[in-house]
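Okay, here we've got a single chain as structure tokens, the form predicted alone, with questions on binding and movement later.
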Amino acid sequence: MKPLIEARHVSKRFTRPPDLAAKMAALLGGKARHEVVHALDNVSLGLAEGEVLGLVGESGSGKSTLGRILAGIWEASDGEVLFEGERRDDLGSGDRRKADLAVQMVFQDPMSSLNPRMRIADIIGEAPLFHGIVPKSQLAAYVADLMERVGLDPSFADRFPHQFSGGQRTRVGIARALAVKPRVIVADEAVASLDVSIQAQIINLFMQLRAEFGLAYLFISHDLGVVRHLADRVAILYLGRVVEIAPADELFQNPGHPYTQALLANMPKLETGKHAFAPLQGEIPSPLNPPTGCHFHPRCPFAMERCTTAVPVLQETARGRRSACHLNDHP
């Protein structure tokens, strides 16, 4: 399917200025260097209309960074983002505004992403009023309808965020995203901090809204069980690079990349009997100094000499499946 929104060869680097110790060393004749965090490295993936794409990886893999770039919150250092086949940076002001409103984000921590000094009615209603989506005379009814759709009592519209539970604040965040009538929602660990029973309610809400509005989701999570339940396709991210993309059912049944295999081998299972967990050796390397070649080679049980020098290409291994591993290279 033609992507609704697409990242092409996107990289993101953050430059960290020298800390106090480095500055003091510079005064004594040393060098004060700016450290560069390589958050994303040449990432390409697309999200089709109405699709749910799960984005999975360990903490520090760049999941949230990619989500914020696709949502237009951050700019890429290299590469480009396309909306409906057009480079987002090349769009005129009217089309760029349309593209920006079409992709909204629901954040991991709803308390820190909601203004504590604003009432819920204003949090949800501010953007649609500003962008002319609804006139002021109809705003109260519009906010009430959105609150009902996400499972909140409209009589709570005059309350502040601290007067709600974590699950309710997540619903406020979803209502705020829906208020500008988006086509894509980037859900960044949106259920990670919630109790399991509340997680199930929010997941069901996401699926209900998908059916009702035809929404597409980039669902960012480290919880493979949640992703398996929700996603049509899954992309596995490791230290800023996509290492595997496949339809969800196929990926969980037959993972192709060694990193994906390791993640699924340690996924909790509802099975009787003993299960020996074999955690990945070592920690994910620092994005300040990523390994050469394949980023995964220091932890990979199948690493070869080539893996230490040559970057594997994300290539098609079967219909609808791509993997970045030298084990897939043809001689």
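Remember, it's a predicted structure, so these values are computed and weren't measured experimentally. From 1 onward, residues are counted along the sequence shown.
The form predicted in complex with a small molecule is left out here; the points below concern that form.
In the model of the complex, residue 164 stays away from the small molecule, with no heavy atom inside 4.5 Å.
Although the partner is absent here, residue 39 lies within 4.5 Å of the small molecule in the model of the complex, judged by heavy atoms. A residue is said to contact a partner when one of its heavy atoms sits within 4.5 Å of a partner heavy atom; residue 60 meets this definition for the small molecule in the model of the complex.
Although the partner is absent from this view, residue 74 contacts the small molecule in the model of the complex, with a non-hydrogen atom inside 4.5 angstroms.
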